[in-house]
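Next up: just one chain, as structure tokens, the form predicted alone.
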């Protein structure tokens, strides 16, 4: 089978030449999903030179329909003739068939590529306020009397180290990385072999966490950025996205949530709970390797991430005195956690944060929760995390002094 593409005003025309059977269904599906990932959610399949379709081929079309439905998209089959048209009609899929694409089937240029992500003004005067919890100074014993309980509601997001155990005493062995957005929580238990857990608000239930280290941001987002690969910028580093968010918000301190397709994540997670540290515990190298797991390569390419965090641009900021760490761009500091999910496409244009987060948590469970880092080691460093395409909700942080 051969596939070729032509962009028209109403969508993308994909001409399929050959047989859509068990031998070619996977190739066809892979090609179509690549277009969906690239943001083409209105597809016309030109079947004028498609000579055969089997049940395997119809199944691939059904899967494509389901994928497009999640992003309010659709496909139609045009110019189908002979056996292909008859098979689809008799199988009950006549609604897929059109004689031709609406309007003139004249090629047009794909949307112009711009240097900046598309920006939507959500609420120009919106801002976030932050609250910090610091009962643990790595790698010293946890000050358990300074731990705080966080109630994660649908008007906030938070990231840090905590536990959802019933009591603070039970949490001592279970403190690990977490992130919470719009009431939905993803947590990484402090064990190399444990899978991430998650909590979703239902009716009157709101997740609660005992936290030893956290930043909680409350308020509304002022802007939405939509970004995708560009000719001169095929991937978007976190520094690039944060810098652009600071530009549109006209702020040097921001809070943000990002949902996007991963090019590569760089980060770490705890292997043991900090609640187990005593004054006699050795956390020097090489004992440190028993406490923290740092990725040895850029991870989770092609999957999807939810990232939340706070960032500050300040040449005078000292990371040792706060919760933020340096990024690749000089003078830029951030605290970032990411939850990794299997890939699912995002709708184009303006999308809502709450609905997007719920879509992630209502699908397959998270694969990992990471504290994202910039690995700046000379020669062997992995750099910082980067995304291919996605969305970034952001707003000014009104009280950056808490960072």
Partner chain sequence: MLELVNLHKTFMPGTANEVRALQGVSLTIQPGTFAVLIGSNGSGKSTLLNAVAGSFAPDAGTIRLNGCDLTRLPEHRRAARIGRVFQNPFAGTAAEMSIAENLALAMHRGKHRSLRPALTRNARTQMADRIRELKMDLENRLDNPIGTLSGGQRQALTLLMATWTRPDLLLLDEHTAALDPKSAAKVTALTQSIVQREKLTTLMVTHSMQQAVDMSDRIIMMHRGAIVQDYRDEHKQRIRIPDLMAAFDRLARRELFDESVADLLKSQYA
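Positions refer to the first chain, counted from 1. As the structure is a computational prediction, the values presented were derived from the model and not from experiment.
There is also a form predicted together with its partner chain; it is not shown, and the following applies to it.
Would residue 208 count as a contact of its partner chain in the predicted bound form, using a 4.5 angstroms cut-off between non-hydrogen atoms? No, no contact at 4.5 Å.
Report yes if any heavy atom of residue 279 sits within 4.5 Å of a heavy atom of its partner chain in the predicted bound form; otherwise report no. Residue 279: no contact with its partner chain in the predicted bound form.
Looking at the partner-bound form in the predicted bound form, is residue 375 within 4.5 Å of its partner chain by any heavy atom? Yes - in the predicted bound form, heavy atoms of residue 375 and its partner chain come within 4.5 Å of each other.
Is residue 371 near its partner chain? Define near as a heavy atom within 4.5 Å, in the predicted bound form. Residue 371: yes, in contact with its partner chain in the predicted bound form.
One residue of 270, 101, 225, 164 in contact with its partner chain, assessed in the predicted bound form (non-hydrogen atom, 4.5 angstroms): When its partner chain is considered in the predicted bound form, the option within 4.5 Å is 270.
Answer option from 325, 81, 168, 151, heavy atom within 4.5 Å of its partner chain in the predicted bound form: Result of the distance check: 325.
Which single stretch, out of 200-208, 118-126, 245-253, 136-144, brings residue heavy atoms within 4.5 Å of its partner chain in the predicted bound form? In the other structure, the partner sits against 136-144.
Could you pull out the residues of 387-403 that have any heavy atom within 4.5 Å of its partner chain in the predicted bound form? None of them.
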